[in-house]
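Each of the two blocks below gives one form of the same protein chain as structure tokens; they are labelled structure 1 and structure 2.
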Structure 1
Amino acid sequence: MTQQLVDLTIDCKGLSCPMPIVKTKKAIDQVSPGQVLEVLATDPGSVADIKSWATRTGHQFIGTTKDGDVFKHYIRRTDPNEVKPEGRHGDVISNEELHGLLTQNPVILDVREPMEYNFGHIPGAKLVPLGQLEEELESLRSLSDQVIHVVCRSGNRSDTACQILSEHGFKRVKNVVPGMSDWTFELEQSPS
């Protein structure tokens, strides 16, 4: 592979969602339009998060490589006139509200990585990692008329997932906030 010309590198190794995105948002303002930001991260969730964030904000996502346990993400800053404002999905539900619905068997999509899901998830939640969501849209189509509760660790990946689902005709989508980082109710674990 040809050597990437990098103008700024930030180290997000050992950080989990949402910190790689938080640091990337700050760092992109430190490079000039046309320059390349390299983000080093060990969180597997960063693969989908960084690509999705760059695409949604108008920056050019160049790609990701992997060196051992480290993901190297490359983003080219776009011209400020081409940057899109970062939107948020407006329909949210609290952890407590979702917990109150569990006896009604609500539809819950967990968009974290498989390892996060396996260590503990909301009973009945279906795993669809954010990075695979667009590939799974047709298999989810039968749920498009139902209320879909989308959860991740901190409400960021699930926000992105809600936006993707809404853009593809899923009109009754709710982002669960703050998400699994503050879920104090029962959990299920997947067998290893």
Structure 2
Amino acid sequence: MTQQLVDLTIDCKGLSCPMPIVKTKKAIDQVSPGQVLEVLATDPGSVADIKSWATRTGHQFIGTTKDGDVFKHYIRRTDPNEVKPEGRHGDVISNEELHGLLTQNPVILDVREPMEYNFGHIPGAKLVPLGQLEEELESLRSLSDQVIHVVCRSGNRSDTACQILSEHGFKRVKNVVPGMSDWTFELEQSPS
């Protein structure tokens, strides 16, 4: 479940500025919204550049790891619709409120992609990517009497997940808003 899914990898090893950025720009146009691009680079300047580039162009910078001399940068192409959460699931809880509950071991479902989860999630959160939620419903059934806190990056995928859970008899489902994009508290990382 925690397998890191990469949809496209580009090799910018040995290239200097501005080539990693130029090639990243080309590559992001080749993946679909929601997919993850991996950029391999040896240019130390790429660490700050790729992050700034993603922020500036509105794509999600997931994180950077280092393997010897090679930096591996992960960027998720954003869906233009994803930044405007509609919030159709009425029962919400703020990041701060959820943080206050952490000592009570609340049930938290993180519905982002494995790559996003591995770079940092709320301690104790269980990974169930939105795309796999329906097939996981039966394994979650034992939790149906408990309050389930559903989190993603911006509150949009988790809103969809809350609706799916509600439709399948999970009565106490709360959407965590805004979600991980604004989570300033402790994080747990999964080894990659």
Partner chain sequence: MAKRVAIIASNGGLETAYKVLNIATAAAATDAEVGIFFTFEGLSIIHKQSEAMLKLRPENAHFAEGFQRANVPTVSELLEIAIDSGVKMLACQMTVDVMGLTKEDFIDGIEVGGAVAFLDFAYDADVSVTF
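Along the sequence of structure 1, residues get numbers from 1 upward. By rigid core we mean the largest C-alpha set that fits within 1.5 Å across both forms. No experiment lies behind these values; they were computed from the predicted model shown.
- Between the two chain copies, the one drawn from the form predicted together with the partner chain is structure 2.
- Core-aligned CA deviation for Ile10 between the two structures: 2 Å or greater.
- Once both forms are fitted on their core, the CA shift for Arg141 between the two structures remains under 2 Å.
- Once both forms are fitted on their core, a CA shift of 2 Å or more is seen for Gln30 between the two structures.
- Taking the core as reference, the C-alpha deviation of Lys51 between the two structures is 28.1 Å.
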